[in-house]
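Form predicted alone, single chain, as structure tokens, below.
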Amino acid sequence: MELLKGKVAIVTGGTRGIGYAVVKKFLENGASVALCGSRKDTVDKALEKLAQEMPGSSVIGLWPDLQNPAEVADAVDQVVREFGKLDILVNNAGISAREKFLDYNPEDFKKIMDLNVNAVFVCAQAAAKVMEKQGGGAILNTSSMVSIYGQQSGVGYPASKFAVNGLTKSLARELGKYNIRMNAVAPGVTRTDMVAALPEAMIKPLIATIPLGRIGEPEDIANAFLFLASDLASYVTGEILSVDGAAMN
């Protein structure tokens, strides 16, 4: 099935991990995609990989500063010029944290808030201005299971994802009149590069806490984004969709 046939999407943080899986899933389902990364070299590398795995796909690469409203607006305009419209934004770019609170540098806390929260605001606003004129669209944010349950260290990360949930729910109420849907996906432990590099002695205890008996794959998370981006979710907005194997339930 091509659930996104004819749709145009922007995916930030799309060069690897969950973001790259979302880009592939959207392309497989008929969308044209603008893949965004932090640097030109990482974007080019992702585009080369896509050219090998999915030759002929309708994809372009961009690397705006997501905290700079002017650069983000220019990137959105470029996507509209290239593909004619913008139907979907996936705010996936972000960084994590593990610092103990008593040792937490305020500058590191600000850094994680700038990318995980402020950039989501900037990108969502730029996309919403286009979608409002078009008559609708879908904006999706990457949250986290720790936005619901917290975590034992690195308070900046769950705090930032709590904020993402707040943006998601509030903007769903504010932008609904423009037929713009706002949702978030809250992944659990997922086999990204960082998790794959962990020793098995650390992975096994993690798996033991998950009722489904395994950690998530990037494609599991991408499938949730696909559903929320598609017309199958046309009456779903303001939701934080947990995809964590019931790890903390």
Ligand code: NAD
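Fair warning: this is a prediction, and the values are worked out from it, not measured in the lab. Don't overthink the numbering: it's just position in the shown sequence, from 1.
The form predicted together with the ligand exists for this protein as well; it is not shown, and the discussion that follows is about that form.
- Contact here is defined as any heavy atom lying within 4.5 Å of the ligand in the predicted bound form, and by that definition not a single one of 69, 73 and 78 is a contact residue.
- At least one heavy atom of residue 94 is located within 4.5 Å of the ligand in the predicted bound form.
- In the predicted bound form, residue 200 stays away from the ligand, with no heavy atom inside 4.5 Å.
- Contact between residue 210 and the ligand in the predicted bound form is not found at the 4.5 Å heavy atom cutoff.
- Taking the partner from the other structure, the ligand in the predicted bound form has a heavy atom within 4.5 Å of a heavy atom of residue 192.
- Only one of 94-102, 148-156, 123-131, 170-178 places residue heavy atoms within 4.5 angstroms of the ligand in the predicted bound form, namely 94-102.
- Looking at 106-128, the one residue that comes within 4.5 Å of the ligand in the predicted bound form, counting any heavy atom, is 115.
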